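Alright, here's a single protein chain in two forms, structure 1 and structure 2, each given by itself as structure tokens.
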Structure 1
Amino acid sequence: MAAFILRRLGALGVILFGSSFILYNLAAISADPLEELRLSLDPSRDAQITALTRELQLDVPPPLRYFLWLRGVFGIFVGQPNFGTGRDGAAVIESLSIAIPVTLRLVLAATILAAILGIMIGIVTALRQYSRFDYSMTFVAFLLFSLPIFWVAVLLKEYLAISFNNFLRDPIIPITWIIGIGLVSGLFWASIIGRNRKLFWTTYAVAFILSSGLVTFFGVTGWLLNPSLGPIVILGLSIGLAFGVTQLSVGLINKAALRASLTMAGLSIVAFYPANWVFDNYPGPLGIFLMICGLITTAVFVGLAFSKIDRVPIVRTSIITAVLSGGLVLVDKFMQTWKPYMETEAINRRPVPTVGERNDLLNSTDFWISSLDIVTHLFLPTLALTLIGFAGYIRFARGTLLEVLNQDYIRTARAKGLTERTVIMRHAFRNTMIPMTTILVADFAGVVGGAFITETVFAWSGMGTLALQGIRSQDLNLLMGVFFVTATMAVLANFVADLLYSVLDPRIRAGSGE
């Protein structure tokens, strides 16, 4: 294994070397940093050209200059990487260290969301193969594949930011909207759940009434201006989550697991007021982190207390329920922050921003307000990237699950009388996740490249913006710095994906084949 890892790492080094060499020369041929100066009429033009030539070592031909650049990069191994300086005089590594977290935040959120949504819908389409839902989701996936991201981004800006902000000035939801939302949501749920005609129309009616009722309630109470869940709703949702999680993970027949997760759901309401007290008095990531740790520990104990045999799945169920209902409490806190956030001067009741990664005018010292600011700025770009990205996951999850469902071990599992839930969740779903994991990791790196356009449209100062700036101002060091980071991430991600695959799938032995 160690030999395999070392060999792979060596190969990664070679790939990074080769690709950066190609790009460096390509960019050096295409760019002419002196172009602007040559055209200038400044009397000190020649002196400036000489100075710039010396500074950027332009007298060295590009293939050799690459090695000068590489020498600086090799500083990584002694802790002093040197990516050179940009045209604006700032060290490239400084610009990178500001841009990397911005891009990562965007890409991480989008990838996770796209993966969760895509896998969920993909699995449902596979289980309902050739149904109307399957066909319409296939169409949606193809449509999303074909959408230019910049086009989607401009649309989102217009409809979800500008129009929505205008709407918030006077949030009265028109009756056509209420009916429309009810119809769409009814169709959605009915086509997933409705196996026969009766079930279809029952689901349709229930979903229609529930969602249009909910929308009416939002409109009437001005919930959009001052949203909150409140302890009662949190309790209700947590109990629903407890049933759902138990059903999916071990089945409702397992009474111990159901009791454990119901207890955790109940505890979330007990913890509601203390949690809010901590949120108000000790705001910050540390408090949240400690509370999550406490939550998980409690969940472990509750799970252990309720179970006698087969403890691991029960503890797992109770942990998942606990984290999800704890998440509800956190979401509620953010919702409570919504109103004060809207009323700050910098926001001025227009909470959905169209540009930037944070509002610089908002000099609030309140942790929650500035966190919410980051969340609202993440909203549109993440949505755009998620929309484009999750089509791939739908198709992939569907294909993989269908393949797995055709395997002999699934037939065996059904033949020995396991419930459909166990067959799907334990035998099929887990085997679907093996290729999914590896795709997910590899995709994460791909999205970094894809975020370029998104960053441009939403004016985020991330790596994409840096790279484009590097190309526009013919700044080789800047461009190569960005490329080096993204490429390293990409090849490392592929490496991790390979390793994960060999760990998750015992049939594949590391180091075999090649």
Structure 2
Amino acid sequence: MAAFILRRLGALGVILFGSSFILYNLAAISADPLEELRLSLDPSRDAQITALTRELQLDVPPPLRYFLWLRGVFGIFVGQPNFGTGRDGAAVIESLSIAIPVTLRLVLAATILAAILGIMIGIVTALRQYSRFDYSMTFVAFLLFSLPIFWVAVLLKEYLAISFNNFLRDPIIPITWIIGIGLVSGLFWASIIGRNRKLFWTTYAVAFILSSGLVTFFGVTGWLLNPSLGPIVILGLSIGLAFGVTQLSVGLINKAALRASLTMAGLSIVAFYPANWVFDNYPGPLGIFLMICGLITTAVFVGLAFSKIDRVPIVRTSIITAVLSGGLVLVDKFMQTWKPYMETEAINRRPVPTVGERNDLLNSTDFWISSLDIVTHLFLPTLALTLIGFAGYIRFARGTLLEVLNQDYIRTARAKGLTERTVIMRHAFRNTMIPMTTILVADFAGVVGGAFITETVFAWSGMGTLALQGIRSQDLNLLMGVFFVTATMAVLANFVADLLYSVLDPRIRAGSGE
């Protein structure tokens, strides 16, 4: 395994070196930082040209100048990286240290959400092949996949930010919206659950009534201005999560796992008030970390208490249920912060922003208000990237799962009498994830590039802003700094994919020559 890792790292290092060398020379040859000075009529023009030539080492040929730049980059191994100085006089490493967290925050959130939603819906469409839901999701996937990201971003700013902020002034939901939301919700759930005509229309009616009633409740009570879940709703959602997680993890036939999950769901209401006390008295990452540690520890003991054999799957199911239930408590805390956040002078009851990664006028020292401000600024650009990205995951997951389901070993598994859940989750899903790992890694690298456009539309100061700044100002050091970071993330993502292959597929082994 060590030889495999070293071999892959060596190959990726060669790729990174070659691509950076080519880009550096192309950029150096195509750009002339002295062009404006040569056309200048300033009496000190020659002195400025001489100073800039010395500062940027323009008297050194680009191929040799690349190695001078690379020598500073290698300082990363001794903790002193030097990417040079930008045209504005600021160190490139300082500009990168500010921009990298901004872009990673956006890219990671969008990639994870797109992958989870796309793979889930893609699997359901494959299992409901040629159903109404399959046709509907196919249409939606092709529609979203064909839309340009900048156009989607502008529409989101118009309708989910400006229009929604105007709506919050008097949040009365009209009857047409109530009926429309009910019809769409009914069609969605009936397409998933309805296997025959009777079940389809029954599900449609129930979903329509529940959705319409819920939207009506939101409008009548003004829930949108002061939202919260509360312990009772969290308990109900946690019980639903317990059944869902158990079914996907080990199956509802495993009563020990179901009891452990339901116990953790019940403990969610017990932990509701202590968790809020921790959040209020220890605000920040410390409080969240303490809650996660407490949940996982409790879940391990609960899983062990209910299991006599096969303890690992039961403990795993208990932990997943605990983390998801704890996530509901955390979401409820952010909901409780919504009203005081809107009432701050900087927000002025317009909570959904259209530009920037944070509100510079918000000087609150409250951790939850500051965090909610970051979340609201992250909402629209993440949603834009997610809508475009998850459409591809739907189609790829559907096609891959259908191909896997037609394999001989799937028919053999069914012939042995295994349940359909076992066939799908233990055999088909795992093999589906092998090619999905490839597209996930490629999508991560692609989203970094696609985020350039999104950052521009939403005025985020991330890697895209630095790249455009480097191109427009012919700042070679800044442009190469951005390229080196994004290229490094891309090759490391491919390296992680290589490692995941050997985990997901036992036929792939390091050093096997495959």
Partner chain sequence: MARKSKADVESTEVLSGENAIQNKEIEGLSQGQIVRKRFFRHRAAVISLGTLTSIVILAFTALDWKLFGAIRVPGWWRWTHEELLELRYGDCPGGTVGCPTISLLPKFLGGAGIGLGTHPFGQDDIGRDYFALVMKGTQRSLSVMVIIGSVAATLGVVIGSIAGFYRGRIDAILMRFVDFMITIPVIIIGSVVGYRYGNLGAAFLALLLGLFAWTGLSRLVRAEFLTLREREFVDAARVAGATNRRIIFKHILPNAIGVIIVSVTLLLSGAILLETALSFIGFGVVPPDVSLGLLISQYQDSFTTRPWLFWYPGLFIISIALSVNFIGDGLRDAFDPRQRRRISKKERQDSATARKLAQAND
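By convention here, residues take numbers in order along the sequence of structure 1, the first being 1. Computed from a predicted structure; not experimentally measured. In this text, the rigid core denotes the largest set of C-alpha atoms whose superposition between the two forms falls within 1.5 Å.
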property	result
Identity of the form predicted together with the partner chain, given as 1 or 2	1
C-alpha of V485 moved at least 2 Å between structures 1 and 2 on rigid core	no
Core-superposed comparison between structures 1 and 2, Y66 Cα displacement 2 Å or beyond	yes
Large Cα move at A459 between structures 1 and 2, threshold 2 Å, rigid core	no
R38: CA movement between structures 1 and 2 [superposed on rigid core, Å]	3.7
